[in-house]
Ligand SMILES: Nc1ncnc2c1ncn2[C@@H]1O[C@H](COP(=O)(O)OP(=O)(O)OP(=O)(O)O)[C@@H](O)[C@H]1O
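Only one chain is included here, represented as structure tokens and corresponding to the form predicted alone.
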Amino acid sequence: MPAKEMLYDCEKVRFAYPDGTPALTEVSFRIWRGDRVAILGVNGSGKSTLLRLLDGLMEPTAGVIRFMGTPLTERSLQNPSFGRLFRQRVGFVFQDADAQLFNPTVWDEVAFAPRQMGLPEGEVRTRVADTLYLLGIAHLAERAPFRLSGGEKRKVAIACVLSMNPDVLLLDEPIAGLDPRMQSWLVNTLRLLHEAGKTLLIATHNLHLLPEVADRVLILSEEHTLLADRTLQEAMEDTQLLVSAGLLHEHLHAHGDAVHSHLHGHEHHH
């Protein structure tokens, strides 16, 4: 059986903001084609920063991120051949859909990336039509994105990424702010995309989401280090690990004279 293709190789990655505040410290891991990886951690642990680094939107302060063997830097992305390859293969869905929607209509929004890549207009039209149909939002094609509901905006944001047919999907807190019906739709869509061969990296602190979208977890500590790189089952069985990462906490409850402790997950909603 052939070895899986390594997509990302992250070695001792550090990132600090201009004022010196650390966001990531000595983070090392690898991602292979077809992986389903959840990046776990409490708010402020560095999940969103890590996704932005993996998308080439920022460069590590120290260490190196390689994509298919090539260091992911501003300079390498300016190389026409590598930059085009990377942008075709990697797509990023932001937590806030409004951050990536800016065109006058949904159609123009979904067509934007293929047009930027210089694809023939006929192929652009085919990709847009197919993607809108796939996500069940063809009826929104002529609507203005800013007039859509939160769930509709999330679908359009995902459509913008899928129109490029990337191999890798980076998603930042994908179910944040969605109602249960939309959460179910998104989880099912991610399952189908993985079955179609997509590699998924999903930043979240929602433990209930994990069995549906991940086989492996990277856990970031509140000190911005990589606390663990485990299979999902190993991580979920290690209660102390989840407590130390701030993903579970202990509540004490009094029942008469007896005091019982229960573990709770941190399920924040935005």
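Residue numbers run from 1 along the displayed sequence. For clarity, a rigid core is taken as the largest C-alpha set superposing within 1.5 Å between two forms. The shown structure was predicted, so the numbers you read here are calculated from the model rather than taken from an experiment.
Note that the form predicted together with this ligand isn't included here; everything after this is about it.
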From R52, R66, R216, R33: within 4.5 Å of this ligand in the model of the complex by heavy atoms is R52
Choose one stretch from 206-214, 22-30, 231-239, 66-74: the one whose residues place a heavy atom within 4.5 angstroms of this ligand in the model of the complex.
-> 22-30
Looking in the model of the complex, any heavy atom of S48 within 4.5 Å of this ligand?
-> yes
Does Q95 make contact with this ligand in the model of the complex, using a 4.5 Å heavy atom cut-off?
-> yes
Post core alignment: D167 C-alpha displaced by 2 Å or more between the shown form and the other one = no
